[in-house]
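One chain follows as structure tokens, the form predicted alone.
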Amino acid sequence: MAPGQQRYVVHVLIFTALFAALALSYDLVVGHVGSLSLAHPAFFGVGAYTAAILSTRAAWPFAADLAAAVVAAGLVAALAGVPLFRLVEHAFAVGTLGFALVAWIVATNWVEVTRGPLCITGIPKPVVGVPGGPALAIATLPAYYWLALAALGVVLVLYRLLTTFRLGRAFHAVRDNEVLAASAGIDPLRYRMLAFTIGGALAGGIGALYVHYLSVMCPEEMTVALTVNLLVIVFLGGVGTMRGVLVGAVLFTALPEVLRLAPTWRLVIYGALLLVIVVRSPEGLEGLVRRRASAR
């Protein structure tokens, strides 16, 4: 394989790891507490812009701006969740969509802070290290691949911890029957807010990693199209399942790039796959695999 091809493959793998981590953070809300949120691009954008601004204008180190991105996105998610969770079902989805659109409009027009369509450029590559100790500059594609893989590993561990044991059972009780969960002493609002806030914070962290990799942040990175991508990944792979979301991320991100498909053909294939999945296996590819395994 030629060096140029190798770099391209590593680039695709980095995007796959980042999108898989972002989809897992989204599935916490959609798959495990059953709230169809369309606000994830806003939290991704808050984290991305926080890291971009602090690293370029305040010269904050990578670890500090990453932590700030996580906190800022989580705080915005918590504050937005208070009025949004007063809405129910379809009204909640529309409300989160409106919030995402407002966030995109603010990013586009608040030129003094975000530079609007001019974008924030010159975002430095990450430098990982201990204060006063050795530092490692993440300046090459293989190095950033390992960083993205490490981030995915952290999100996987958090996802596993949050969706199993007592907390996971509470999430699923709220998702399956909110009234019954409330009668059993489980506060549905509390657990929905918890998943919403943690999912938003993780999305902000992934946004920070994303802009440090690309070295540029534009408002177009946080449009509603990102929500569509996440919905395709989650529902194609299997909503509420870790393995299904990972498979969906690979199919959505890596496969079209490897096959060198044009954007138009990608949309056609995504639409056809979704249609087949909805008709044959509403639980996604994970549900299809489980049924085939149980039939043997």
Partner chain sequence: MIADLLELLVHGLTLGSMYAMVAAGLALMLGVARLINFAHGEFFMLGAYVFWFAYRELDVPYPLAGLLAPAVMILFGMVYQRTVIRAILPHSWHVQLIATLATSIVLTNLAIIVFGTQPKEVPTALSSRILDIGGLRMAWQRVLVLAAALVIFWALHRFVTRTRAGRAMRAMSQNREACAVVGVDVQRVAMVAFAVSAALAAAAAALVSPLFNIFPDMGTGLTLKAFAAVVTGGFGYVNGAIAASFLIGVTESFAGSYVSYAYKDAFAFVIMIAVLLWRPQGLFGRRIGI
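Keep in mind the model is a prediction, meaning the values are calculated, not measured. The term rigid core refers to the most C-alpha atoms you can superpose between the two forms while keeping them within 1.5 Å. Numbering follows the first chain given and starts at 1.
Only in words, not in the display: the form predicted in complex with the partner chain, which the text now covers.
The partner is absent here, but in the predicted complex a heavy atom of Val268, alone among Leu255, Ala59, Ala64, Val268, sits within 4.5 Å of the partner chain. This chain is displayed alone, yet in the predicted complex one of Val106, Val71, Leu162, Ala143 has a heavy atom within 4.5 Å of the partner chain; that residue is Val106. Contact here is defined as any heavy atom lying within 4.5 Å of the partner chain in the predicted complex, and by that definition not a single one of Leu167, Ala170 and Leu194 is a contact residue. At the 4.5 Å threshold, heavy atoms of Val102 reach the partner chain in the predicted complex. Remark: Glu220 does not count among the residues lining the partner chain in the predicted complex, judged by a heavy atom distance of 4.5 Å or less. Contact annotation: Glu89 falls within 4.5 Å of the partner chain in the predicted complex, judged by heavy atom distances. Within this chain, Ala78 is remote from the site of the partner chain in the predicted complex, having no heavy atom within 4.5 Å. Shown alone, this chain has one stretch from 154-162, 198-206, 92-100, 179-187 that lies within 4.5 Å of the partner chain in the predicted complex by heavy atoms: 92-100.
Contact annotation for 210-247: residues with any non-hydrogen atom within 4.5 angstroms of the partner chain in the predicted complex are Val228, Leu231, Phe235, listed in sequence order. Once the cores line up, the CA of Leu273 ends up 2 angstroms or more apart between this form and the one not shown.
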